[in-house]
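Read the single chain below, which is given as structure tokens and is the form predicted on its own.
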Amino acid sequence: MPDYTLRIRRYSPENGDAAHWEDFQVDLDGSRSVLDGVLQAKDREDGSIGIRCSCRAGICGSCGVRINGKPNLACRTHLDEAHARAADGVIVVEPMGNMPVLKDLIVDMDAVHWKKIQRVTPWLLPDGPPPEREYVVPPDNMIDVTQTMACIQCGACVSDCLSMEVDPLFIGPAALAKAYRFVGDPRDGHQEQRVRDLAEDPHGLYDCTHCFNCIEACPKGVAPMSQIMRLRRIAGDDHHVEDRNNGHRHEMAFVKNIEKNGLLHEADLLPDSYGGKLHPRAVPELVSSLPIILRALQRGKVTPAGALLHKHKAPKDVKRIFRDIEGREERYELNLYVAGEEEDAS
């Protein structure tokens, strides 16, 4: 059997030493998992290595770590695959990001992940008296929330979230995906209150920067960013929430900008986000942005004529796309977790 080298990030708060790297040789078949490798090193070389694990089948989410810089489940990652992706043939295993490290590969999920899950009220809040028997939910509605129900709370999306690196108070992709699980459930009677609360929170819906990291990181295909975008559409389009963070207006400014120009004309984006160049809301924002504007002028990144006298000329194809989408009777929501067509049983 081939030998693999695991480079494990070690940290033990008991001894007071700084975090450091330690290499371990494991003798396992390439089809075995990285978790198997860590457990062999723990069994044969150093019993103090700390890692969480339980089911070893990609179900419980306990063994989430970063492997070669990317979050993943250690039990689902084969040694040969990790070795092939390693920069110098050494498989690097370290704790997940955006969460405090308790010991070695164990992070404090309660301090960040579970605290944010609790923030979104992760249970149904039905209105009115309960039915005599069970609630009856149309199949299509349950299919709609199936994708978010697949979450195993491993924290991989939290680990790779760029917004949480900049703003640790951001509610985060896992919690917002969990929020959609109840917002999209027809049995819940507080849809508007839920999305209004998340939109008004300065660290809520509009703190996501569309980096797609959470979609790539999720081992179960939950696509947290897609669920965040759905929450935004329900808040802004269905319940007309004009949040104090200006998130919805900023989003609509992007849409209108592309509709008019075909490509993004950034000089219009800031004032349009606040109602237009002469709108009372826009004036203080434009004044506060003057230093940035002056630097852009000095460096030739923008010209007065380009910024103020820009002609809006969106191509015909772009205008046609907007007409087709806006002409639909209802919004089309695509659940990527349930795909394909039913086969004819006959």
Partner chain sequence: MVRAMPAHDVLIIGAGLAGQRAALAAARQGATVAIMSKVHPVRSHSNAAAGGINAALNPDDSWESHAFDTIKGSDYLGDQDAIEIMCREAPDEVLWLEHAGVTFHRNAEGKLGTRAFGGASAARTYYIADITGQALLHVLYEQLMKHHEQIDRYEEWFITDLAQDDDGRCVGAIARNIRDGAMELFSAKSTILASGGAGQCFKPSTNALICTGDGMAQAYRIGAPLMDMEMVQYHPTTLAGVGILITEGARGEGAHLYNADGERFMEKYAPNKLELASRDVVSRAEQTEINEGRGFEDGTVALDITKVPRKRTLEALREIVNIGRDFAGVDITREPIRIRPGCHYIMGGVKADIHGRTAVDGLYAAGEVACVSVHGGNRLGANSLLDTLIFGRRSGEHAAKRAAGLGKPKPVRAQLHDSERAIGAIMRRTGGRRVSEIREELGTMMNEKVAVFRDHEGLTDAHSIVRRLKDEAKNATIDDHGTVFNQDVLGALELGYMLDVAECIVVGALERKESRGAQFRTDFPKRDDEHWLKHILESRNGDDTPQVSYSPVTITQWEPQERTY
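Positions refer to the first chain, counted from 1. On a predicted model such as this, the values are computed, not experimentally measured, just so you know.
What comes next is about the form predicted together with its partner chain, which is not displayed.
Practice item. Report whether the minimum heavy atom distance between Lys103 and its partner chain in the predicted bound form is within 4.5 Å. Key: Close contact exists here: in the predicted bound form, Lys103 approaches its partner chain to within 4.5 Å, heavy atoms only.
Practice item. With heavy atoms only and a cut-off of 4.5 Å, decide whether Val136 touches its partner chain in the predicted bound form. Key: The answer is yes: Val136 has a heavy atom within 4.5 Å of its partner chain.
Review point. Heavy atoms within 4.5 Å of its partner chain in the predicted bound form: does Glu132 have any?
Key: Contact with its partner chain, yes.
Review point. Does at least one non-hydrogen atom of Leu39 fall within 4.5 angstroms of its partner chain in the predicted bound form?
Key: Flag for Leu39 set to yes.
Exercise for review: Could you work out which of Cys151, Ile171, Val183, Met99 is the residue within 4.5 angstroms of its partner chain in the predicted bound form, going by heavy atoms?
Suggested key: Exactly one residue meets the criterion: Cys151.
Review point. Judged by heavy atom distances of 4.5 Å or less, which residues of 93-117 approach its partner chain in the predicted bound form?
Key: Residues within 4.5 Å: Leu102, Lys103, Ile106, Asp108, Met109, Asp110, Trp114, Ile117.
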